[in-house]
Ligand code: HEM
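Consider the single chain below, provided in structure tokens and representing the form predicted on its own.
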């Protein structure tokens, strides 16, 4: 018999043209916690029901829980690496931590499917939660970020995507699960667009048109790609990004919603430290001269099997916080 492995949620699904990112906090009251626990069993059936209306629409939803929410909703046992989002940087260059108990990452090839699924899932939660951030993202020309460069170039694919994102034997009780960090960045597009393309390429570390990485003797150590590339024992450590542009031109708002999945928060946190503090300290990501993080949260993403099973968890007898 082949070894049973829990099915991950759909965080490695194909790239889609639209997405909705919802971050919410839990309302006070035990009755509200009961509603959220029961809702865990509803997520997959609702996704199937809405997705069945447009089978080619590639509809999916990933659901994650923050550190304090896990304690309140499910108690122990606890995912080994789950903790509150850690801030990095200082002054005007800070990866800020903002409230977040529940994450919904909804994707499809059309916004109507995303919108309908968000409406149905939030309707079932009612006043048990309070939405603190909602972003509607879109796929830009040639899969480019708001700043004009191709995003997600180094994403792992196939089996490698699972290896880098799904928890394994290191926390066997939560195998098939993952961690995700989300941040909302706002860009100074006037300042960015005033730069010559050659200067932009040095900041990013890639050619703007071709997406080819700059040669090592040209690329600055402070480039975005340099500081977000991690090496462990001669092997690159990867994360899975599904970033999306968003904005409101009438309000002068132009942004990128960063969302990164990994089997541990550690590699993403190391990237953030490299970007905001510098490697070495002071050699920070010059993209941050034009981009400002306004949200930041860390969530645990249970496997699809565990998410459904969480509906049957009893209310924790006591809240025990074990934060790293």
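If you're wondering where the values come from, they're calculated on a predicted model, not measured in any experiment. Positions refer to the first chain, counted from 1.
Below, we turn to the form predicted in complex with protoporphyrin IX containing FE (HEM), even though it does not appear here.
Put simply, of 119, 153, 90, 157 only one has a heavy atom within 4.5 Å of protoporphyrin IX containing FE (HEM) in the model of the complex, and it is 153. Put simply, of 50, 43, 36, 275 only one has a heavy atom within 4.5 Å of protoporphyrin IX containing FE (HEM) in the model of the complex, and it is 275. Considering protoporphyrin IX containing FE (HEM) in the model of the complex, the lone stretch of 123-131, 161-169, 250-258, 98-106 in range is 250-258 [heavy atom distance within 4.5 Å]. Remark: residue 147 counts among the residues lining protoporphyrin IX containing FE (HEM) in the model of the complex, judged by a heavy atom distance of 4.5 Å or less. Contact check for residue 174: no non-hydrogen atom falls within 4.5 Å of protoporphyrin IX containing FE (HEM) in the model of the complex. Looking at residue 236, you'd find a heavy atom of it within 4.5 angstroms of protoporphyrin IX containing FE (HEM) in the model of the complex. Within 4.5 Å of any heavy atom of protoporphyrin IX containing FE (HEM) in the model of the complex lies no heavy atom of residue 200. Contact annotation for the candidate site: 183, 224 and 243 all lie close to protoporphyrin IX containing FE (HEM) in the model of the complex (heavy atom within 4.5 Å). Residues 268, 271, 272, 275, 287, 291 are the members of 266-301 with a non-hydrogen atom no more than 4.5 angstroms from protoporphyrin IX containing FE (HEM) in the model of the complex.
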